[in-house]
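The chain that follows stands alone, in the form predicted alone, written as structure tokens.
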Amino acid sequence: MSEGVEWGLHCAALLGFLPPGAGLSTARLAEYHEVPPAYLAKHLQAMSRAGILEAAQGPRGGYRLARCPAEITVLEVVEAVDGPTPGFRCAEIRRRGPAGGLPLREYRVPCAIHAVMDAADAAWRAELRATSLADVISRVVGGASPKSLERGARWVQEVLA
């Protein structure tokens, strides 16, 4: 998984704290998280194409959530940034080497390692699909330092003023 997923989730969570109609530019989101704006822009655009974010033009423009946080899943963000491809790709190496090289009919059952990795991927995706951005925001509020939350809120107020 790329660091873009982390950046995308953090940006989406921050946007979830904004008042209705407010947005933050790529530059401001990059500033808040101290990440490169050009690289972040690519991920924000992917999230916009996926219907997670919407971009508004003008002096009060920027990115905002396209839907309420309860309607956005963590899996949507992951797949918007990194794509839907599973992390494991079986190359069927069991069919090589001294124990392999047999006709295809000898491999009647799927590779055990492939099956385990597919099951793990399915469980991981199910958890991310069951976790909404609202759940993440709630965990941020519950687990963050009160000073950090205060500083973040003050920064957002100054930027939106």
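Start at 1 and count along the sequence shown; that's the residue number. Keep in mind that this is a model prediction, so the values were computed, not measured.
Absent from the display: the form predicted in complex with a further copy of the same chain. The rest refers to it.
Mapping the unseen interface onto this chain, residue 60 falls outside it, with no heavy atom inside 4.5 Å of a further copy of the same chain in the model of the complex. The closest heavy atom approach of residue 32 to a further copy of the same chain in the model of the complex falls within 4.5 Å.
Within this chain, residue 18 is remote from the site of a further copy of the same chain in the model of the complex, having no heavy atom within 4.5 Å.
Within this chain, residue 87 lines the site of a further copy of the same chain in the model of the complex, having a heavy atom no more than 4.5 Å away.
For the options 113, 56, 50, 27, the residue carrying a heavy atom within 4.5 angstroms of a further copy of the same chain in the model of the complex is 113. Contact residues in stretch 122-142 (any heavy atom within 4.5 Å of a further copy of the same chain, taken in the model of the complex) are 123, 124, 127, 128, 131, 136, 139, 140.
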